[in-house]
Each structure stands twice: as structure tokens, then as C-alpha cells.
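In C-alpha cells, the next block holds one chain alone, the form predicted on its own.
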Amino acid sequence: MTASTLITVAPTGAESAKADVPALPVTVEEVAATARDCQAVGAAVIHLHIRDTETRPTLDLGRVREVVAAVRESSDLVVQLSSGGAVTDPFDARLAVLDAEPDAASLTLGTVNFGRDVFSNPWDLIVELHTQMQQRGIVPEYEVFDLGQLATLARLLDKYGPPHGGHVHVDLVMGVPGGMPGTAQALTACLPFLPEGATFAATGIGRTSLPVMLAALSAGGHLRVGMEDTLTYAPSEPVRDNAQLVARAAGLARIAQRPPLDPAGARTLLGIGRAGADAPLNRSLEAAP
């Protein structure tokens, strides 16, 4: 059981439209203000999806860099970019977000049905993301949508070595239609298959947000919340803003006597700024086994 709780905020995502969710932060200024406000109530990491000037999801590198710089100017949060983007984004554009030099980036460990869509994450892409992050000094957060993806993580670490910084941190994404359910039973089933010494967070999608938070805290895990994952604070009550969700998570963490980590503590936990293992030889997507 860890003494503190790492809280990640995922403020925007790639699925919801600004026209449908006016409170969704999509402009550079809105995202920077969200980072500042969420740090003030307990967040230590921000997981970023980027929108263009028309509020559409984008992986345009100039826009990504602009948002990263604005977040760093407004807060001390660990900047974690999504390498998943939107389900329609090509692999080369997803890899290119690493050029924006974030502190961390997500790395999804397998293909999953995502509602009516398919979120494609083949082995070659997984290897390329892992090895590119090793070489660039970027810490991965391994995204797990189903139990079998933890077997993929074991295979990845065995073949290509530990991530930059040496520490393995996993996010269990629960409640996605097509992935594992957002229940305490599903979370508990994953825990024996985490790599030795790894930490984990859990993300509950939609109405699974609260049960997943409570289950994660009781199991010694960490939390991810935000308007990427849930737009309803309570039945028939829309989320006011991301800070509202972070504040609730921080309150639950304090009730569990595991208060929120600050950004400096998050960097220590995740190995950000720590020397990593020797980088493997560069491998192209075509050459990866």
C-alpha cells in the first residue's frame, strides 16, 4: 500500500465535441487554465489530447508543442501526451507526438474495440513506441484495456528492457465498451499480472468512475479522472469542469489516508529525470518482429 496517491487529469480526450460539451477545454488557453486549476486541487499529471482551432482532434506537431509549452508555463504538472490520438489517426502521426518532448506519453498495449470503432495498436507499433521513448528519455504510461494486454507488457519488457527511468507504471482503463468492465472484480483480476515493482492507476469510464476510484484506492493504486473519461458528476448532473473531478478524487484519496502527490513527488515515483536503461538499437516499424 503506497502512502500517497498519484492523480492524473485527462481533461479533453478525442471523442466529445465542444458543441455538445461547452465546458470541455479545447483551446490553448482553456487547457493551460485547466492545468493550473487542477494542480491547485491535487493533480500531478496531465494527460493531453490536442484540438485544433476548429476544436477538432489533431496531432499537428506545431499545435501539440504550443499546448505543451502553455501547460508548462501555467503549471508544474507532469506533461503526458497521448500517443493514441483519435481512433482514426495514422501510426506515423501518433509516433510523431514524441517530437514535442513531453515528460511522459501513453502507450496502449493492444488493439481493442472502442464502442463502434477499433482502436488499433499492433505489436510493431507497441515496440516502436517503447523503444523510441527509451531513446528519447520519455516515460511511458502503459494503457491496459483488457487482462491479456498485461501479458503483452511482460513480453515487451522481456524482449526490449525496462522503460526510461526504470519504473513501470500501468493505467487500467476500465468500462470502455469492448474492454474490461469497470468493476472491483476486474481490477482485482489484473493485479497478480502486474510486473514486479510496478505501480498502477485505474480509469473508470462514465458511470464506472466512482466504483473504479474506490477499488483502486483500496488496492493501493492511483487515479485518473477527467472529462475525457466522464461527463457526469452525478445522475443528471453534468461535470462543471475538470477541477471538480480532481477535487473529488483528492478528497477520496485523503479519506483513504493516502493524500495526493504533488508534481515533484510524481516525477520521483515515475522515474522522470532519472537515467534509463541503455537504449536498444533503433528499429523501424517494418523491421520489428
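Note that residue numbering begins at 1 and tracks the sequence as displayed. This structure is a prediction, so every number in the text was calculated from the model and none was measured.
Although not depicted, the form predicted in complex with (5S)-5-amino-3-OXO-hexanoic acid is the subject of the following passage.
**Report entry** Interface membership of S83, (5S)-5-amino-3-OXO-hexanoic acid in the model of the complex, 4.5 Å heavy atom rule
**Finding:** Taking the distances in the model of the complex, the answer for S83 is yes, it comes within 4.5 Å of (5S)-5-amino-3-OXO-hexanoic acid.
Query - Heavy atom of E228 within 4.5 Å of (5S)-5-amino-3-OXO-hexanoic acid in the model of the complex - result: Taking the distances in the model of the complex, the answer for E228 is yes, it comes within 4.5 Å of (5S)-5-amino-3-OXO-hexanoic acid.
Query - Non-hydrogen atom contact L147 with (5S)-5-amino-3-OXO-hexanoic acid in the model of the complex at 4.5 angstroms - result: Taking the distances in the model of the complex, the answer for L147 is no, it never comes within 4.5 Å of (5S)-5-amino-3-OXO-hexanoic acid.
Query - Close approach of R258 to (5S)-5-amino-3-OXO-hexanoic acid in the model of the complex, 4.5 Å, heavy atom - result: No.
Requested in this report: Name the stretch: of 193-201, 157-165, 212-220, 85-93, exactly one has residues whose heavy atoms fall within 4.5 Å of (5S)-5-amino-3-OXO-hexanoic acid in the model of the complex.
Outcome: Only one stretch passes the 4.5 Å heavy-atom test: 85-93.
Query - Position in contact with (5S)-5-amino-3-OXO-hexanoic acid when the complex is considered in the model of the complex, options Q134, T208, S106, S75, heavy atoms within 4.5 Å - result: None of the others qualify; the residue that does is S106.
Requested in this report: Note that (5S)-5-amino-3-OXO-hexanoic acid is not shown here; using its position in the model of the complex, name the residues of 45-78 with a heavy atom within 4.5 Å of it, in sequence order.
Outcome: The stretch 45-78, when checked against (5S)-5-amino-3-OXO-hexanoic acid in the model of the complex, contributes H47, H49 at the 4.5 Å heavy-atom cut-off.
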